[in-house]
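Have a look below at one chain only, the form predicted alone, in structure tokens format.
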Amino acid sequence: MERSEALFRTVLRLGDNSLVLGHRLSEWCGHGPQLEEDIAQANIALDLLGQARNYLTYAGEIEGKGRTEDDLAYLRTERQFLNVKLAELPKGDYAHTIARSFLFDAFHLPLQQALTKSPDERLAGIAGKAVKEATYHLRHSSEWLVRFGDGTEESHRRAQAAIDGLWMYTGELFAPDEAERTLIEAGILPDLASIKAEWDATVARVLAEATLVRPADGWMARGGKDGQHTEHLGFLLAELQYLPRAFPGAQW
């Protein structure tokens, strides 16, 4: 694969991950279990949206076809999105949301930290801003997972069930596709094996503090990086893309 195509697909994926997960977290706006968490999830969703804008803008420039961040967010079909499946799953109960955020955040922070050292100055610059946000995101999801896991019998049960149900979607985070392998070989993207080692250490530490059991590794759901998604992404995009598709070219 040509390096320019590999860079486009990888940057697009980084943007898609943040956009799709940010939309999922925004679904808690007005529905949070308490006011502080309602605001916290909305703010985290906005952080992810900002990251998505930066990545999608850069992806459009790499592609060179004149597509803007809005074109890439609102005018692509389900099969053209390259996000991991973990990001698109329904929000579930609050334990499910926190567990999914934790599993993603524990991956996202070391990835952004490594990208700050990328020879691609644009990627390094975007990651430099994202690191500050990702640090808070991981602290927030970790503290809540511990609160649930080491809380009441019911909160512990729900947290464990969430971790168990989400585990099969974590393998895709660390399984490089052709585009990622091309950039890893070129030194533009960090080796995902090194990110996995940091993720494993964070997961082990937080699950132990939360008195939760790490599920056994087994079959892992993949395909999102190739545009093969769960049925949930189509419904998410129908909501996310409604306005610009219903009113093409609409301006505020």
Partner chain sequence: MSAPLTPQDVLDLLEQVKDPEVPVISVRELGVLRDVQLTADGVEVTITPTYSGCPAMDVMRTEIERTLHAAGIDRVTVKQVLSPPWTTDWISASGRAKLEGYGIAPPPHSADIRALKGAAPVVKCPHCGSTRTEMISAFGSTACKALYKCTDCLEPFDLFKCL
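What you see is a predicted model; the values in this text were computed from it and never measured. Numbering follows the first chain given and starts at 1.
Quick note: we don't show the form predicted in complex with its partner chain, though the next part is all about it.
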{"property": "Contact check for Ser18, Tyr74 and Leu89 against its partner chain in the predicted bound form, heavy atom at 4.5 Å", "result": "no"}
{"property": "Heavy atom of Gly32 within 4.5 Å of its partner chain in the predicted bound form", "result": "no"}
{"property": "Interface membership of His140, its partner chain in the predicted bound form, 4.5 Å heavy atom rule", "result": "yes"}
{"property": "4.5 angstroms heavy atom contact with its partner chain in the predicted bound form for Glu180", "result": "no"}
{"property": "4.5 angstroms heavy atom contact with its partner chain in the predicted bound form for Val213", "result": "no"}
{"property": "Partner-contacting position among Ala208, Ala197, Ala186, Leu46 - heavy atom within 4.5 Å of its partner chain in the predicted bound form", "result": "Leu46"}
{"property": "Contact residue in the predicted bound form, from Ile163, Ile126, Leu173, Ile98 (heavy atom within 4.5 Å of its partner chain)", "result": "Ile126"}
{"property": "Interface stretch in the predicted bound form with its partner chain - options 47-55, 23-31, 222-230, 187-195, non-hydrogen atom within 4.5 Å", "result": "47-55"}
{"property": "Heavy atom within 4.5 Å of its partner chain in the predicted bound form - qualifying residues of 122-136", "result": "Gly125, Ile126, Gly128, Lys129, Ala130, Lys132, Glu133, Thr135, Tyr136"}
